[in-house]
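Shown below, as structure tokens, is a lone chain in the form predicted alone; questions about how it binds or moves come after it.
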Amino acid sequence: MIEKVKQTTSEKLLLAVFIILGIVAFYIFLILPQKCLFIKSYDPQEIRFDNPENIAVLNVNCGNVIIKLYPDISPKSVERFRMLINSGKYNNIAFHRVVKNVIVQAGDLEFGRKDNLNYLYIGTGKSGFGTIKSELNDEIEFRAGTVGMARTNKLNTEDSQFFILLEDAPLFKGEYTPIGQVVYGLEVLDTIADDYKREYVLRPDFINSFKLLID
């Protein structure tokens, strides 16, 4: 009769460690990359634009988000936005506020930097360039893909933070400053990390780069 060999406690612990490492490796190398698997990659150099000087390219982990700016609708706000993009201020800045399938928000230059993330104050930071006046518009519809300037609950407090809608938000019309519209790559924003427990993300994704098509 063959006797069953019992595992020692150390052997059981070692087996548990190998199982955990296997699960982690499976997630990192097989599951995690899948979120970008079916996302189309848009190369702005291969697209013809009527007004290329008004095109901005936001790059995140799963690809490019191509935005058409509204300089004729919100001139001062777009001017600020262009300046921050051109100076590289948005690079490595967190998407600190994300509501799944609803909205993503970024642009906290003070507390949202990748190398100096402040979880306590993120979302309240400033750019150092001062606030600008709200440029409200009763004609522009806030539909999925609309890019707007974020503010506090008071008007004329826009600074550097911006949001992009992932669904239509008719109540935003006339309440927030529209600065552009996503024309390609809206689906890329669906892959931005969110936290189902809260709007403010504990382990956020970051903007890789933000550039104007024509400097």
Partner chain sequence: MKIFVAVLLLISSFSTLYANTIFYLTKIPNLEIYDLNSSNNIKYLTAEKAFRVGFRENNVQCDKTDKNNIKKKFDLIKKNFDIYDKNFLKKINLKYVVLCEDLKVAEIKTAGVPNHKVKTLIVDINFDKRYFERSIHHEIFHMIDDSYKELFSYEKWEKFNTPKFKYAECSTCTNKLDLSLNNESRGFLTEYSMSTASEDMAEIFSFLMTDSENLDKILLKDTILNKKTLFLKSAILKIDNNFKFN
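Numbering follows the first chain given and starts at 1. What you are looking at is a predicted structure, and each value in this text was computed from that prediction instead of being measured.
The same protein also has a form predicted together with the partner chain, omitted here; what follows describes it.
Visitor: Here the chain is shown alone; which of Ile103, Val78, Ile132, Ile85 has a heavy atom within 4.5 Å of the partner chain in the predicted complex?
Guide: Partner contact (heavy atom, 4.5 Å) among the options: Ile103.
Visitor: Would you mind picking the one in Ala144, Val99, Leu117, Ile73 that has a heavy atom within 4.5 Å of the partner chain in the predicted complex?
Guide: Comparing distances to the partner chain in the predicted complex, the residue within 4.5 Å is Val99.
Visitor: Quick one: is Val188 in contact with the partner chain in the predicted complex, heavy atoms, 4.5 Å cut-off?
Guide: Close contact is absent here: in the predicted complex, Val188 is far from the partner chain, nothing within 4.5 Å, heavy atoms only.
Visitor: Although the partner isn't part of this model, could you tell me whether Leu171 comes within 4.5 Å of the partner chain in the predicted complex, counting any heavy atom of the residue?
Guide: Contact with the partner chain, yes.
Visitor: Although the partner chain is absent from this view, report whether Asp50 comes within 4.5 Å of it in the predicted complex, heavy atoms only.
Guide: Flag for Asp50 set to no.
Visitor: Given that the partner chain is not shown alongside this chain, does Tyr184 nevertheless sit within 4.5 Å of it in the predicted complex, heavy atom to heavy atom?
Guide: Judged by the heavy-atom cut-off of 4.5 Å, Tyr184 is well away from the partner chain in the predicted complex.
Visitor: Partner absent here, but in the predicted complex, which of 51 to 59, 37 to 45, 174 to 182, 64 to 72 has residues with a heavy atom within 4.5 Å of the partner chain?
Guide: Result for this chain: 174 to 182.
Visitor: Does any residue in 127 to 166 get within 4.5 Å of the partner chain in the predicted complex, counting heavy atoms only, and if so which ones?
Guide: Result: Asn153, Leu165.
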